[in-house]
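Single chain ahead, by itself, as structure tokens, in the form predicted alone.
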Amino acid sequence: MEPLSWTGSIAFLNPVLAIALAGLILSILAWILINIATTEGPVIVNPDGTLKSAAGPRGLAQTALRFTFLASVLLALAYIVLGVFLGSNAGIVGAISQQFLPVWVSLIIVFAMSVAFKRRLGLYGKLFDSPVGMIGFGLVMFWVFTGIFGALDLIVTHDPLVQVSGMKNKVPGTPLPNLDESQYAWYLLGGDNLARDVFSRMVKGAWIVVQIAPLATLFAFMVGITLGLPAGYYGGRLDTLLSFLANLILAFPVILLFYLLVTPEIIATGVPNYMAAVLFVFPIIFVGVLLNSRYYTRPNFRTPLLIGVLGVAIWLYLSLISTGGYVINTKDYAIWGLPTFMDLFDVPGGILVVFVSVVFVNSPTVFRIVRGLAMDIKTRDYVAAAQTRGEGPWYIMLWEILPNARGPLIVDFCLRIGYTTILLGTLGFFGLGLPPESPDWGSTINEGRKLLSIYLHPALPPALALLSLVLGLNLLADGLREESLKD
């Protein structure tokens, strides 16, 4: 079996891509220098009310930037499309493109449906009017689908924990020795220092991020919203007490809190399990108060709805905090949880600790944001009108104030997922929280950096994956901010 080159039979596109990228870089530099050296001229309005495009050097730089960027994107798509059809004949790029076929199909379906119905989808639909937002959304969904299909073993080529003899630190495209019929023929992105497949570990690492980052951020928002709304709306002693507790947590450096929460000595005491039992109650409180305030005047409908929803929510809560039938199970004592036959799932100890740590660290910041928005919005006329109608405080907070704060909160949610992703990478890099053999991106980068001066391929793919996901979340937040300001 011959080693794979990077582009194989589609190498004829390489010079064209090099020219396009060089033109893109030069266009960016020219655009920056021209904007620094020149002042913006007067805005010219066409007879139909639209703005006339800029002329002169600034306009030429913008046009060059637009065309070189478009050319680079089209060439990248050409690599992917040809790679899907040609597979390994198109080298490493083609083989990887073919492995990602379920992701490409899912992205096409999502974008096609979203563009077709964007006028009916509110703020999400308006996102597709923003090129920046669409690029960010595409990057984020790429890694979301990669994580999902990777967990289903539809993308990975090898077991990310299996070591293959003779593949230690092998370069990308190296074929496996003594190949079995059931094995994939190559290590597409090479082998690490323990002879494991870098490509499969990168894909499996995406699933860890998809599992933890969005859900942990969502839980942190529910905690912050549940406490921040009454603090901002009522003020007084309640606000003083909650703000003091939030500031007390924020006074510690974030990374130091993570270090403390994920150390083995703290885990052995059961502190993370206690924290999970407390923090995970807040989503139940949030959902219960939300539904009760909305349907308070319809008790015949409200009561069975609350019984059903809260019953399922409590069952999920007990399943989440129980492991092997116990909420706490230390050497000294144990606290019973949900019986094993009713326990829907067991969260691995390392993931639970990291999850709880992320929720605990992010909740005070969300609390302060929600509190500030509530203090501002409660002075608006529509809040006074709701008070005049005799609406209850929680109805006003959840159905008048919260919907009108959704723009900043959605933007912060996207940004906070990015911060959480970086924190997960940092924890993995220092070997904290998750098991040492975990394929998370931080651990993989840490293992690859040990031989970084000799071998780039073990550390570079997970680093680029982390970079692209965080970049996508930031671009998505910018697009949402841009569209929310137009409301």
Partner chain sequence: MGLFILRRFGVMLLTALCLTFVVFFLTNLYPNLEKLAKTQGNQRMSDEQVETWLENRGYRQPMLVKYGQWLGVMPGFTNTLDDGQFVGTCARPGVAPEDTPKFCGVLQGEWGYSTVFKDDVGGIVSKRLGNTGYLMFWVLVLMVPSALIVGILAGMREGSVLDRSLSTFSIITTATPEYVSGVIFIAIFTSSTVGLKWFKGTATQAMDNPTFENFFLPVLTIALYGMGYIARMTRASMTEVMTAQYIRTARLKGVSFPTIVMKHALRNALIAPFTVIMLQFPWLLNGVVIVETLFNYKGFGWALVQAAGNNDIQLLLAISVVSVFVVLLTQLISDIGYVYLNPRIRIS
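Definition used throughout: the rigid core is the maximal C-alpha set that superposes within 1.5 Å between two forms. Numbering follows the first chain given and starts at 1. What you see is a predicted model; the values in this text were computed from it and never measured.
The same protein also has a form predicted in complex with its partner chain, omitted here; what follows describes it.
> Among the candidate residues Ala11, Ala22, Leu467, Val16, which is the single one with a non-hydrogen atom no more than 4.5 Å from its partner chain in the predicted bound form?
It is Leu467 that has a heavy atom within 4.5 Å of the partner.
> Quick check on this chain: which one of Thr303, Thr269, Gln183, Asn193 has a heavy atom within 4.5 Å of its partner chain in the predicted bound form?
Spelling it out, the residue with a heavy atom inside the cut-off is Thr269.
> Mark Phe252 yes when one of its heavy atoms lies within 4.5 Å of a heavy atom of its partner chain in the predicted bound form, and no otherwise.
Contact with its partner chain, yes.
> Can any non-hydrogen atom of His158 be found within 4.5 angstroms of its partner chain in the predicted bound form?
His158 lies outside the contact set for its partner chain.
> Would you check, heavy atoms only and a 4.5 Å threshold, whether Ala37 touches its partner chain in the predicted bound form?
So Ala37 does not count as contacting its partner chain.
> Would Phe430 show up as a contact with its partner chain in the predicted bound form if we use heavy atoms at 4.5 Å?
The answer is yes: Phe430 has a heavy atom within 4.5 Å of its partner chain.
> Going through 440-479 from first to last, which residues have a non-hydrogen atom within 4.5 Å of its partner chain in the predicted bound form?
The stretch 440-479, when checked against its partner chain in the predicted bound form, contributes Ile445, Arg449, Leu452, Ser453, Ile454, Leu456, Ala459, Leu460, Ala463, Leu464, Leu466, Leu467, Val470, Leu471, Asn474, Leu475, Asp478 at the 4.5 Å heavy-atom cut-off.
> Do you see a C-alpha shift of 2 Å or more at Leu460 between the shown form and the other one, with the core held fixed?
No, because once the rigid core is superposed, the C-alpha of Leu460 moves less than 2 Å between the shown form and the other one.
> After superposition on the rigid core, does the Cα atom of Ile422 shift by at least 2 Å between the shown form and the other one?
After core superposition, the C-alpha of Ile422 moves less than 2 Å between the shown form and the other one.
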